[in-house]
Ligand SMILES: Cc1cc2nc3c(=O)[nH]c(=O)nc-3n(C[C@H](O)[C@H](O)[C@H](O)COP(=O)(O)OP(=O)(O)OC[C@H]3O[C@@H](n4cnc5c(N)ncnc54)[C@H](O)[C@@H]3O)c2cc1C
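The chain that follows stands alone, in the form predicted alone, written as structure tokens.
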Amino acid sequence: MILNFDVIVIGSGPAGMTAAIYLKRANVNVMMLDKNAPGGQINRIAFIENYPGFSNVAGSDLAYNMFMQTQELGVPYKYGNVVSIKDEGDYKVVKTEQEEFTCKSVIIATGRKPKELGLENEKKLIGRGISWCAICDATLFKDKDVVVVGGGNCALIESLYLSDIVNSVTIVHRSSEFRAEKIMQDRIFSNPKIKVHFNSVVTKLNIADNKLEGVQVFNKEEEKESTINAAGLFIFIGFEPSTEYVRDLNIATDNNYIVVDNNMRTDTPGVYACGDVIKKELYQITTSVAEGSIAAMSAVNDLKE
């Protein structure tokens, strides 16, 4: 049987693009396959300050630079929403909604997607006041009031970005303190356009003319409900892995995150995973690129054998 590729990398975030770079440099016939723009979630990050070599870089710029490196090497990139991967022993079949590809090995690097609050009318208000990406939608709320939900680095970075564009930012966080880095917290507390509601959760979305008009917030400590008038709601409460299409593989998962060994191998020969789609302790760009290189070299070594 003539296979389309030696390795197909599913996902073109930092992990996937790094894997593709290492594979191509090892003279492996590789293709990247993704349903989103190259770069994944880092396209949504306004600025990154903890990636070595860059004191401050826009997420979209870092994503572009990584992608251009894959293109300069000649790595094919194809758009496609993967719906299944079948293990046929000596080869794998990767199926998208439109096409089907065969390869010797697969590297899964599809990352994670943002979580929703799970409130009534939340999906209805997407694009009508609710967003998961400040860099994408901030200008829609220029000189207006917005609410940010979350307390990690992502929530605080996006709040700072928003504060340069909107009238005011109110951060709603369920705990009594932020999880974010101290330097980010200091910037939040010193910004006059940002207010913080600790020990609080959003309980209801207020709608007028099919658009968000504000949110109901419950303070758990005071057991008091209040209304925050806002035109926009930005949600940064964590992520869940994009692994719906791996069910046919029957590989080990933990809370839907793929379980791998130290060499990024799953328990199915010829299938590897890396980046934010795997079960690990630290979810960072730096860990993702490291895992992408490890997955690639594991695939190279296994192909030789």
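In this text, all values refer to a predicted model and were calculated from it rather than measured experimentally. Numbers for residues come from their place in the sequence shown, where the first is 1.
As for the form predicted together with this ligand, it is not shown, yet the points below apply to it.
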Exercise. Select, from the options 264 to 272, 22 to 30, 248 to 256, 36 to 44, the stretch whose residues sit within 4.5 angstroms of this ligand in the predicted bound form by heavy atom distance.
Key: 36 to 44
Self-check item: Candidate from Glu122, Asp145, Glu213, Asp137 lying within 4.5 Å of this ligand in the predicted bound form - any heavy atom
Solution: Asp137
Quiz item: Asn50: heavy atom within 4.5 Å of this ligand in the predicted bound form?
Solution: yes
Quiz item: With a 4.5 Å heavy atom cut-off, would you call Gly111 a contact of this ligand in the predicted bound form?
Solution: yes
Quiz item: Does this ligand get within 4.5 angstroms of any non-hydrogen atom of Ala15 in the predicted bound form?
Solution: yes
Practice problem: Classify Gly80 as contacting or not contacting this ligand in the predicted bound form by the rule of any non-hydrogen atom within 4.5 angstroms, answering yes or no. | Solution: yes
Quiz item: Across 263 to 297, which residues bring a heavy atom to within 4.5 Å of this ligand in the predicted bound form?
Solution: Cys274, Gly275, Asp276, Tyr283, Gln284, Ile285, Thr286, Ser288
Exercise. Look at the CA atoms of Phe141 and Asn36: state whether they lie closer or farther apart in the predicted bound form than in this form, given a difference of 3 Å or more.
Key: farther
Quiz prompt | Cα separation of Ser60 and Gly127 in the predicted bound form versus here, shift of 3 Å or more | solution = closer
